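A lone chain, given as structure tokens: the form predicted alone.
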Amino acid sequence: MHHRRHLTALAALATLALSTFAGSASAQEKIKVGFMLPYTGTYAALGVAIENGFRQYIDEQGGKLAGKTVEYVKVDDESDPAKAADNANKLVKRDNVDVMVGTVHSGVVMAMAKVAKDNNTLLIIPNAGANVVTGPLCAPNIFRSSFSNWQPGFAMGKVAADKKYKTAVTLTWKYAAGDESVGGFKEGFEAGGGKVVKELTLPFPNVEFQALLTEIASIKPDVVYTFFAGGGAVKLVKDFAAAGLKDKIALVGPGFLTDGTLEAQGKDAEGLLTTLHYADDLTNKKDQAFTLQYAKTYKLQPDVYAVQGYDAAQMLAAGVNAVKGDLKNRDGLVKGIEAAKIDSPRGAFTLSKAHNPVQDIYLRKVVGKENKNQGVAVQALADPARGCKM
């Protein structure tokens, strides 16, 4: 009797050992993606669009990359730089993610980049354009699927100069993204013979524009270059029109001014010119298929944020496929992403040495509820990646 019980216990232990072993083996069969995105606050809609786009690409691959199931962990970064390091460390150390995907806010991404560097965790940035991330903070394990703040700014500076505007005032939130976007504009505009006569700012996420608009009215520049997104972009466009400036002074900016905001801006946005690496009526087959699938899945029209999420997943796939799913082969993974030509809805792009997209920047015009493509403002524009030592 004892003997039989002993055998049963041994059998049970053996079964347990086998299942534990199977558990650890199957853990290796998964790819853990950690989304660190804004799900509340000013940028909530952007975070959701990025996640939607990312999931769409993975779903198109049957939920797997190189035969491994993709699993997701989510953290709301609340667009709060003060919480960023803790949030990123949770994903890396507690959740053991294979890759972090985030974020929108440039201040938050700086902390993510530091955590990624310290732990050699793969980081793919699906929005935040902070120049330093592919400049002085550039690293083999850090990639971006979006843009640098300099890129659309520089392109719009060039467009404004080509339109023979001579004087400009810039208006932005006082934080990294705003400063860098204005820097790009200034570089492009002044290289073409224009002059930025005044740089106006207000603290993020403040949207009290009245005093600044009064100042702009008294300066009477040819053009105002502005960097706002989400709710801030909606209010600025409406206030600019309400102040009677819309018909007197050209208002331009990078595409975030009118992306995902046209519904709320209404007729006040009509005719606005912006520059971005995406437009609403591109004619490439990839964009048409992407737009159709996105609308079917999410009952929404995709925007640039959804495209950037989709392409972040494409970049991850390029790396994972290059090493046939062996995520421990970090060098091979990185080389796979570096060498990829991404077939994006925006048009195909490659990555610069600093891991930022080398891409066409479109000039777009608001017509009704669309940012209509007016042609390419600058072809295959690479960020200068100043300070990158890679």
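Start at 1 and count along the sequence shown; that's the residue number. Values in this document were obtained by computation on a predicted structure and should not be read as measured data.
Separately, the form predicted in complex with a small molecule exists; it is not shown, and the next lines address it.
Although the partner is absent from the chain shown here, none of 189, 253 and 362 has a heavy atom within 4.5 Å of the small molecule in the model of the complex. With the small molecule left out of view, the stretch that reaches within 4.5 Å of it through heavy atoms in the model of the complex is, among 155-163, 245-253, 122-130, 279-287, 122-130. Contact with the small molecule in the model of the complex, judged by any heavy atom within 4.5 Å, is made by just one of 172, 258, 151, 106: 106.
Comment: the small molecule is not present in this chain, but in the model of the complex one of 229, 168, 269, 316 has a heavy atom within 4.5 Å of it, namely 229. Among heavy atoms of residue 46, some come within 4.5 Å of the small molecule in the model of the complex. Among residues of the shown chain, residue 305 is one whose heavy atoms approach the small molecule to within 4.5 Å in the model of the complex. Using a 4.5 angstroms threshold between heavy atoms, residue 185 stays clear of the small molecule in the model of the complex. Although the partner is absent here, residue 177 is a contact residue: one of its heavy atoms lies within 4.5 angstroms of the small molecule in the model of the complex.
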